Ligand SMILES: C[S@@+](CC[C@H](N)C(=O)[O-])C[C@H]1O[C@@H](n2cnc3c(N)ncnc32)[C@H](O)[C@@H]1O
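Next up is one chain by itself, shown in structure tokens, the form predicted alone.
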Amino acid sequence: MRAQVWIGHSMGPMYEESIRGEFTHQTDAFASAAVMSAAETLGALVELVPVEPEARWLEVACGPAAVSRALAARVGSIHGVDLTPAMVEKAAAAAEREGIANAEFSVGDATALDFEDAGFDGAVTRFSLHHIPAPQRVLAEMARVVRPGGWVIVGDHVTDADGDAAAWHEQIERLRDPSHWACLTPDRLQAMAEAAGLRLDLERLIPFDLDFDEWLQRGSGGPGAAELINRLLAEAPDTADCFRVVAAGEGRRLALHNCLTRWRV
């Protein structure tokens, strides 16, 4: 069976323009970035999904579908949805190339999923909430489309509870990637999940790092804002912990914290 692509609905034009523009720009670089397949960001997330050969899963804001493709062997079927058509095409092509027969992909809006209530056994999203102006809507929609007793899993890098450190962090993120909205703290993420009726099952905070200069150049704003970003890095608050740039040999590494959370519906 060939990996399928179909078209769903999407959000308003301003939001679409920002997200689609950035991730059309990043399609190839994002898909090939080493951090996308790292054990701390992919392997640890996949391990949270129960092995259930008949289960139907949804990946929200799937991008090039590294998560969907990794999950395909653990579940009965996986459907990935993303706002950016170029990413959906990339996902379907990769699944077909890898011979994955139980995956399909569609264009759609993470805050208004085009699926019926309780139609999935689980839903997962990775590195998406910090791009979305209303992340609580994403969690509410994931909870809605998953059956009672099913799973909702989120993996995303987080920010510091200290306001000065978080504000400094967000300045750099937004300069580098205009589609960045705001990173959450683990406590804020949990509060949103509770408001969506989700029950916490497991939470892990896993440090990881990536090549800073590759990360900077990948964002559409990074090259042009590099000088200002470097000045901001020199002004890092002492309280900054969740976003740190450190020297490593002849280069620099960006140290982040990946918050992996699993809830029951």
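The first residue of the sequence shown is number 1, and the count goes up from there. Everything quoted here is computed from the prediction, not taken from an experiment.
There is also a form predicted in complex with the named molecule; it is not shown, and the following applies to it.
Peer 1: Does the named molecule get within 4.5 angstroms of any non-hydrogen atom of Asp121 in the model of the complex?
Peer 2: Flag for Asp121 set to no.
Peer 1: Is Asp109 a contact residue for the named molecule in the model of the complex, using a 4.5 Å heavy atom cut-off?
Peer 2: Residue-level check for Asp109: yes, a contact with the named molecule.
Peer 1: Using a 4.5 Å heavy atom cut-off, state whether Leu254 contacts the named molecule in the model of the complex.
Peer 2: Contact with the named molecule, no.
Peer 1: I'd like to know if Phe243 sits close to the named molecule in the model of the complex, meaning any non-hydrogen atom pair within 4.5 angstroms.
Peer 2: Judged by the heavy-atom cut-off of 4.5 Å, Phe243 is well away from the named molecule in the model of the complex.
Peer 1: In the model of the complex, does each of Phe23, Leu83 and Arg126 have a heavy atom within 4.5 Å of the named molecule?
Peer 2: Result yes, every residue of the spot touches the named molecule.
Peer 1: Taking the partner as it appears in the model of the complex, which of 62-70, 207-215, 220-228, 194-202 has residues with heavy atoms within 4.5 Å of the named molecule?
Peer 2: Stretch with heavy atoms near the partner: 62-70.
Peer 1: Exactly one residue in His79, His169, Lys90, His131 has a non-hydrogen atom within 4.5 Å of the named molecule in the model of the complex; which is it?
Peer 2: Checked against the cut-off, the match is His131.
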